[in-house]
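A lone chain, given as C-alpha cells: the form predicted on its own.
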C-alpha cells in the first residue's frame, strides 16, 4: 500500500476488494465462491480483469503508475483513470448505445468497474485483419463522434460551461505529453523508440525525417493539438479502442481524453481504417484476394465521414437557437451567413481530420508503437510494401490536405496509390 492509498490488485486481492465494494458486489449477487476472474490487459498500460459470477459480470480496469509494457523506468500518472472514468460517464450520457456504463470508480485505487462487453464482441482491429464486414460500423461510429463532439463544443455549450469542462480535463497532462511525443515529434527525428520494417523502409524513415514541408505541417497540427480546446475528445480513437459485432459497436479506453481538436478523433479512426485497407494484401491468400473486402473498407471510410457530416450538421441545425455561444444568433442572423459559417467550419474540420489521420498513420509505421494490421504480416518484404503505400498516402494527406474537398477525392487518392 502506497502512502496515497493505492495498491495494485492481483486476482486474490481483487476478490477482497469486490467483497468490500457494494456497487460491485451487488452485481455479483454477493456470491464469491465461483467467481471467474481473467486478466486480459493488452500489456501496454493497465491491468484489466474480466469478472464473471453466477448472477452478473463486469470489467475492472486499474491504472498503474508506469507504462506496464516498459516498466517503472517509464513512469505514468495513475490519474489517467480519473479522466477515463469521467469521459466514459460523459460520453455514455451523450451516446449510451455505444459506450459501456461505469458502475464504480475509486480515485485512490485508480480503478474503474464497468459493463463487460461480452462475446461475440471482438476488438475491431482483429475483425479487420480477419476480413469481417461490419455493416453498421460507419452508422454507429458517426453517431458516437457526432454526438460526443457536438454536445461538448461551443456549438452547444455556453463559454462558461465550456471553460469549466476544459478546466476539469486539463490535468491529463502526461497522456497528452505522450501523444505529443509519439505522434508529433518522434517520427520526425532520430529517437531510440522509433522502429520500422528494416532494411526495407530505412530510406522511407529517413525521408520522413528529412522532409521539411512535412515538418512544417506537423508543427501546425501539433499546435492545434496542444492549443485548441474544441471538444471532449476520446484522444486515442483507433480500431483497437472499438469492440464490435455485426450489430453492435462499443467505444472503450478513453484514458487519453481531454478538450482538444475534433479532427484528432475523426482522423484517428479514419486513419486506422486506411491502415487496415493497405494491410489487406498482406493477409490475402491465393483463393481469397480480399479485393471485395478492400472495397468495403473504402465504403466504410466514405460513409463514416459523410454520415458524421450529416449527423453533426443536423445537430447544429436542431440546436441553432440553443445555449451554444460559438455563433450568436444576434450576429449570425441570416440564412446565407449561417450557411457560410457552417461550410467553413466543416471544411476546416475535414482538413483537420485528414491531417491528424495522416499523422497517426505515420507514427504507426516509423514510430514507437505499430499496429497488428501490419505486424501480423509475417513476410517482412510484403509487410514493408503494404506499409510504404500507407506511408506515401499519409505524407500526401498531411502536406496537401487543404487541396482535398471531399472524402471521395481521398478515396481516389487511396486507389491511385494502391495500383
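Computed from a prediction, not measured in an experiment: that's the story for all the values here. Residue numbers count along the first chain shown, from 1.
Quick note: we don't show the form predicted together with a further copy of the same chain, though the next part is all about it.
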ask   = Is residue 289 close enough to a further copy of the same chain in the model of the complex to count, meaning some heavy atom within 4.5 Å?
value = no
task = Report yes if any heavy atom of residue 336 sits within 4.5 Å of a heavy atom of a further copy of the same chain in the model of the complex; otherwise report no.
result = yes
message = When the contact criterion is heavy atoms within 4.5 Å, does residue 107 count as touching a further copy of the same chain in the model of the complex?
response = no
request  = Using a 4.5 Å heavy atom cut-off, state whether residue 309 contacts a further copy of the same chain in the model of the complex.
outcome  = no
ask   = Considering a further copy of the same chain in the model of the complex, which of 94, 182, 166, 315 comes within 4.5 Å of it through any heavy atom?
value = 166
ask   = Considering 159, 246, 130, 198, which brings a non-hydrogen atom within 4.5 Å of a further copy of the same chain in the model of the complex?
value = 159
inquiry  = To test your reading of this chain, name the stretch in 80-88, 327-335, 299-307, 112-120 whose heavy atoms come within 4.5 Å of a further copy of the same chain in the model of the complex.
reply    = 327-335
query = Within 4.5 Å of a further copy of the same chain in the model of the complex, do we find a heavy atom from each of 173, 215 and 340?
reply = yes
query = Along 253-287, which positions have a non-hydrogen atom within 4.5 Å of a further copy of the same chain in the model of the complex?
reply = 258
